[in-house]
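What follows is a single chain, given as structure tokens, in the form predicted alone.
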């Protein structure tokens, strides 16, 4: 137990160091971007230079870079992510307004991707070398390699424009339908095509990972011993092979869950889905540094936290990890 506590402490320290470095990079990377946010907010041909400087001072852009950094860190410690240049309201409000839409879209697509990927990966490994295996591998690699925006536009053109089965834009109809359940169904109707798009490009990763890991596990000595004892092949697969084969998938799923809050910028842009991904794109075009910094900070925290949880879960599931040093 003491070794496990030491393992958790080390992982916690690594996570804190990673978070600090991410926060620092998150601050400076947007300061080296081309363009000036003030020139987008106001026009110097209309406002006097003194007024423009007042705007810079209001957002702290007239301070030296190191002072801006100290102010940025101090604001983070009190939970203040800044004030949006473009939307003219606190960054946290701008992000949280879009967050539920992104979590819904990414959460649903991630769940379906993981389930479909794991099932197809197990089936492909079990039927290795057969037509089923070849078909699963070919389809997985095909969808995995296709550009997400192309798949989105093809689905949008076929099912949205020509067949008229799904809306071609938006998160909800305008005006929105009356009634709670009617609104839920309307959102799900709008979400169908972007969710299918994200699922198609994502499930192949889990399929290939699960297939490769399971094939490797099936060659281990304990699997050979289980077969030599005369155990049914299905029991060997389910009771002995799948548990260890799922360990790398746990890490991949944890990382994917960490990115749920980030949204899918291209997919949300193609389908005009009002989420964080579309927000990042709009903020990039507007040079809205506070929104970009706030969005990337929340994304970074979620990914670091997801990796941290994955490390702990991996340590619990895999008894071969040596918490005292080598395996950690």
Partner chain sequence: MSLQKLMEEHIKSLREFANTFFKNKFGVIGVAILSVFIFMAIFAPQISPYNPMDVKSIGVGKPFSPPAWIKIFNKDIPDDSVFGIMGTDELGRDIFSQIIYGSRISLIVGFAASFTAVFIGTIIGLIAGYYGGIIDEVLMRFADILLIIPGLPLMIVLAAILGPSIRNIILVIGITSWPSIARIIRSQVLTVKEMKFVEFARAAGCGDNYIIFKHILPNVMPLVYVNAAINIANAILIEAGLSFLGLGDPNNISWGMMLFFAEQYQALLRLAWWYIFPPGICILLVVLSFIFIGHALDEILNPRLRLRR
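Positions refer to the first chain, counted from 1. Model, not experiment: these values are computed from the prediction.
Another form exists, predicted together with the partner chain; not displayed. Remarks below refer to it.
**Q** May I ask you to choose, among 141, 188, 115, 228, the residue with a heavy atom within 4.5 Å of the partner chain in the predicted bound form?
**A** Only one listed residue qualifies here, and that residue is 141.
**Q** Which one of 215, 103, 252, 172 is close to the partner chain in the predicted bound form, taking close to mean a heavy atom within 4.5 Å?
**A** Spelling it out, the residue with a heavy atom inside the cut-off is 215.
**Q** So which of 149 to 157, 79 to 87, 104 to 112, 190 to 198 is the stretch with heavy atoms within 4.5 Å of the partner chain in the predicted bound form?
**A** Of the options given, it is 149 to 157.
**Q** Contact with the partner chain in the predicted bound form for residue 314, defined as at least one heavy atom pair within 4.5 Å: yes or no?
**A** Residue 314: no contact with the partner chain in the predicted bound form.
**Q** When the contact criterion is heavy atoms within 4.5 Å, does residue 260 count as touching the partner chain in the predicted bound form?
**A** Flag for residue 260 set to no.
**Q** Looking in the predicted bound form, any heavy atom of residue 145 within 4.5 Å of the partner chain?
**A** Yes, residue 145 lies within 4.5 Å of the partner chain in the predicted bound form.
**Q** Quick one: is residue 65 in contact with the partner chain in the predicted bound form, heavy atoms, 4.5 Å cut-off?
**A** Looking in the predicted bound form, residue contacts with the partner chain do not include residue 65, since no heavy atom lies within 4.5 Å.
**Q** Determine the residues of 279 to 310 with a heavy atom within 4.5 Å of the partner chain in the predicted bound form and present them in sequence order; the list may be empty.
**A** Sequence-ordered list: 280, 281, 284, 285, 287, 292, 296, 299, 300, 303, 304, 307.
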